[in-house]
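Coming up is one lone chain in structure tokens, specifically the form predicted alone.
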Amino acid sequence: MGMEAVDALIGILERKNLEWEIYWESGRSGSFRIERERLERSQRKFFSGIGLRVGINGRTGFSYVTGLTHDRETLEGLVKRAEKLAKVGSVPFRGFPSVEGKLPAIKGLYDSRIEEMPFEEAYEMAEEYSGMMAELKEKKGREYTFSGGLGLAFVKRGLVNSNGVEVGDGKTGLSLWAYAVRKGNGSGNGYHSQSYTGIDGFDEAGKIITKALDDADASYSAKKLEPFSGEVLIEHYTLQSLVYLFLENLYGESVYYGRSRFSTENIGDEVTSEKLTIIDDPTVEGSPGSYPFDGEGSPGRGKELISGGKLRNFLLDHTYGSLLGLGSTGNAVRDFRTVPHIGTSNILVGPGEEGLEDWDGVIVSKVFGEHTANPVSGDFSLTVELGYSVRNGEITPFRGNMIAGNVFKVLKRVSRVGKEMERSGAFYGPRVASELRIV
């Protein structure tokens, strides 16, 4: 596994008067692309490397090499580059984490069947997935076209630093996605995806294609909705877009440099509806966003970001947790080519007690254009990819409208929270009702 190079690098670093951190990775990814129900492209990649950070006189330097087998001259060159860059580093150095107790034991993050799967077997799985699409096209007719893909990956990683932290783990992943297009007198399209940590997720392959198909059929008959302003049911995917826009204000780096709406003085303030609870939790069993330790070796732990509408915590790595006087929340993310930066793990919006399945009114299901929103002001204008108007049980799909507003006001005005939860990747959330303007 190349630990000889890591051991040799430790030996070089321990003879120097500096703090250091070594992060290494080794893994493999495979991707398969399906176009018009045919498996058109396949690719398998192997990757490995070592990232090194050093701390000198209040600044950090970073460098990396690919591969895990290196001679001493290469490793000494790696150290020299990191030392050189530390002299011009701009990010304040607050030391590296120390040992903070036992790491959480999280089940279901590694499936040996994915790591040990031969390429030919993965290819057959992708062909089976494309065969499901071809079978559905045969059943539905020529006006339908299906595309999508499948990805398989595993990674093993480790981290050791001069403060005694020494950790390692392994993780696997399966991702599936599907597009459905319907063309006749009009056109409609649908998309659905999901990710898993084990191969058993493939059991849901047919459901993913069917969901894309259902959205394509709804989109096919959808027209624009007349402008509307008032209480709207926000479905899981749209809530996900709004919550991630809001969360950009909770990143410690943004808070420290004043690029967030919030500061540490706002902890305890009511910033959303009291009906909302938002949790970042990397310890969820079998979830794609889970990890026992973050990109700096700090233990993963669940924390309430919003509870009862009140701001409880920020998303912090060791550096900005120290600068803000709050400590790390275990939210540093990275690979061996990058320095750690702040990110989310699994985001869970807590369920409520409302049964919102029989909503009579306007429903916004999917939106796009989140990149155009202003995370600091909270202003957004997103295109409705799919929505529904329900009147006396009659369902009329719509699309092409815009929802416009301010994410802080929308989350503040959440009046109802559903009890049914849905997952997409590392996001878990219910349906909620709030006020929106649809133009």
Partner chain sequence: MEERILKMAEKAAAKHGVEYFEIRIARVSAVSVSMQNGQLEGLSSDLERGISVRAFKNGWGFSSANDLSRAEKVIETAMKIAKLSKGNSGIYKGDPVEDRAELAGRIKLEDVDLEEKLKLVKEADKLLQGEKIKNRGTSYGEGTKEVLYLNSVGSEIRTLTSRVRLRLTATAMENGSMQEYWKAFGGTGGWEIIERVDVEEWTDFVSRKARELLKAEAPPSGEFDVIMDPELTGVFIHEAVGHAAEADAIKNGESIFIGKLGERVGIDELTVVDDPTLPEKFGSYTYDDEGIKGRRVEIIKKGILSEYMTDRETAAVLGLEPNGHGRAQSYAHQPLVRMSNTYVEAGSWKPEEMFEEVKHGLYMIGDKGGEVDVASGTFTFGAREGYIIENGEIKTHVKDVSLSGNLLEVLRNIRAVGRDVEVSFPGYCGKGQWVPVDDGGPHVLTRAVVGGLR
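Note that the structure is a prediction, hence the values are computed from the model and not measured. Positions refer to the first chain, counted from 1.
This next part talks about the form predicted in complex with its partner chain, which is not shown.
For residue 95, no non-hydrogen atom is located within 4.5 Å of its partner chain in the predicted bound form, even though that partner is not displayed. When contacts are judged by a 4.5 Å heavy atom cut-off, residue 170 does not count as touching its partner chain in the predicted bound form.
Under a 4.5 angstroms non-hydrogen atom cutoff, its partner chain in the predicted bound form has residue 181 among its neighbouring residues. A residue is said to contact a partner when one of its heavy atoms sits within 4.5 Å of a partner heavy atom; residue 261 meets this definition for its partner chain in the predicted bound form. Checked against its partner chain in the predicted bound form, the candidates 147, 273, 283, 344 yield a single residue with a heavy atom inside 4.5 Å, and that residue is 147.
In plain terms, the part of the chain that comes close to its partner chain in the predicted bound form, with a heavy atom within 4.5 Å, is 363 to 371 out of 97 to 105, 294 to 302, 160 to 168, 363 to 371. In the predicted bound form, every residue of the candidate spot (85, 253 and 439) has a heavy atom lying within 4.5 Å of its partner chain. Scanning 80 to 104 for heavy atoms within 4.5 Å of its partner chain in the predicted bound form gives 81, 85, 88, 89, 90, 91, 92 in sequence order.
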